[in-house]
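To begin, one chain is listed below as structure tokens, in the form predicted on its own.
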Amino acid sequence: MLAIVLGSRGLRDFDSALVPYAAATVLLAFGVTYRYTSWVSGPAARRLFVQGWRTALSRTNLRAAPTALPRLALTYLGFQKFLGARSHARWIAHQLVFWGCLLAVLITFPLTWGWFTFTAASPQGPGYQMRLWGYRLFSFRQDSLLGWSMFHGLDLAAVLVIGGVGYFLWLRTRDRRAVTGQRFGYDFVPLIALLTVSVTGLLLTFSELALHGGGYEFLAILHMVSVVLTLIYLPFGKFFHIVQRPAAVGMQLFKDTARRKGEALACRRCGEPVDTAPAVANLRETMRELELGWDHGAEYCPRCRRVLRGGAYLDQVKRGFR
């Protein structure tokens, strides 16, 4: 709320028509803070959070590999290359949703907070001035390419999101691997929410250009309701992984630093690489804190863990079974 008051110059640049959107972003901030605090208070997340920040802020690591953190942030957060290993189509769809949502956030949030304003450059001309916190950034004509992009940025974002969400909806109704175990509230509702926000946003432009404003008021209310509900839902559903993901970058940097030092750990049974030794030690501490009683299992590869569990089942539950 302080950012809204200061950024809009004491609410002088704040548009009262956007109050519901601004209120939703404030509720979003409270929800994310509450959920993140709850999440990071758990043993596993707390260890991930502390170890990640400790590695990211280490002077030794910054001197040894100054580009490691920006590179991981770009590849892990921006381009999410780890998704490409599962499926190129899934990676492309995820990229469409990610960049579409990011573009929409970069436009919508500053506008609803009153940080950005567009004013006529002069009483005679068709040009506009874009201001940030009251300071003029640049001028543009409405009929120029820049002007078109400025006024249709949210339409571009909606097209990107619809493309990605459409693929995931198709996947969740046709792919047997995706269908297995999926839940309507957790897997479908987020996709439907994004689709509703995007489609109603595009319909506003369609109403303005093709229907001369017909049905605009109803569509504006429908779009506002869908955006507000989606923002309030974000901290308490699947979208929360957007907030969690940056913490994983610190852990990836932690592992990357250990790999550069040659601190790989081999499986105690087959000798295949498991992970870095510091990462396994970190995991064992978490498992001990959770009193799981099998922390030494972290030193085995996934295949050997399954073999050991199968052997224990035969010995203790199905004794003598062949």
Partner chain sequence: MLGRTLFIDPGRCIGCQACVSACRECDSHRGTSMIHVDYPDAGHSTAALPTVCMHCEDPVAPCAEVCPAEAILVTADGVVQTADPTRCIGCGNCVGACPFGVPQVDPAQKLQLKCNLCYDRTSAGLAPMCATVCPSGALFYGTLEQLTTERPGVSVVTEFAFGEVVVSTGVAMVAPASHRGPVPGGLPLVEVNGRPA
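Rigid core: the largest C-alpha set superposing within 1.5 Å between the two forms. Positions refer to the first chain, counted from 1. Fair warning: this is a prediction, and the values are worked out from it, not measured in the lab.
What comes next is about the form predicted together with the partner chain, which does not appear here.
*Asks:* Determine which one of 172-180, 213-221, 189-197, 101-109 lies within 4.5 Å of the partner chain in the predicted bound form, judging by heavy atom distances; exactly one does.
*Replies:* Flagged stretch: 172-180.
*Asks:* Each of Arg245, Val307 and Leu314 within 4.5 Å of the partner chain in the predicted bound form, by any heavy atom, yes or no?
*Replies:* Heavy-atom distance to the partner chain in the predicted bound form: all three under 4.5 Å.
*Asks:* Just checking whether Pro20 would be counted as a contact of the partner chain in the predicted bound form - the rule being heavy atoms within 4.5 angstroms.
*Replies:* Judged by the heavy-atom cut-off of 4.5 Å, Pro20 is well away from the partner chain in the predicted bound form.
*Asks:* Heavy atom to heavy atom, is Thr230 within 4.5 Å of the partner chain in the predicted bound form?
*Replies:* Output for Thr230 is no: heavy atoms all beyond 4.5 Å of the partner chain.
*Asks:* Though only this chain appears here, would His241 touch the partner chain in the predicted bound form if you measure heavy atom gaps against 4.5 Å?
*Replies:* His241: yes, in contact with the partner chain in the predicted bound form.
*Asks:* Answer yes if any heavy atom of Pro66 is within 4.5 Å of a heavy atom of the partner chain in the predicted bound form; otherwise answer no.
*Replies:* Answer no; every heavy atom of Pro66 is more than 4.5 Å from the partner chain in the predicted bound form.
*Asks:* Among the candidate residues Met251, Leu204, Val225, Ile92, which is the single one with a non-hydrogen atom no more than 4.5 Å from the partner chain in the predicted bound form?
*Replies:* It is Met251 that has a heavy atom within 4.5 Å of the partner.
*Asks:* So which residues in 29-57, when you check the partner chain in the predicted bound form, have a heavy atom no farther than 4.5 Å from it?
*Replies:* Going through 29-57 in order - heavy atoms within 4.5 Å of the partner chain in the predicted bound form - the hits are Arg35, Trp39, Ala44, Ala45, Leu48.
*Asks:* Using a rigid core superposition, assess whether Phe30 undergoes a CA shift of 2 Å or more between this form and the one not shown.
*Replies:* For Phe30, whose C-alpha is compared between this form and the one not shown after core superposition, the shift is less than 2 Å.
*Asks:* Would you say Gly42 moves its Cα by 2 Å or more between this form and the one not shown, aligning on the core?
*Replies:* Shift of 2 Å or more: no.
*Asks:* Return yes or no for Leu57: a CA shift of at least 2 Å between this form and the one not shown, with the rigid core superposed?
*Replies:* Stays below the 2 Å threshold, so no.
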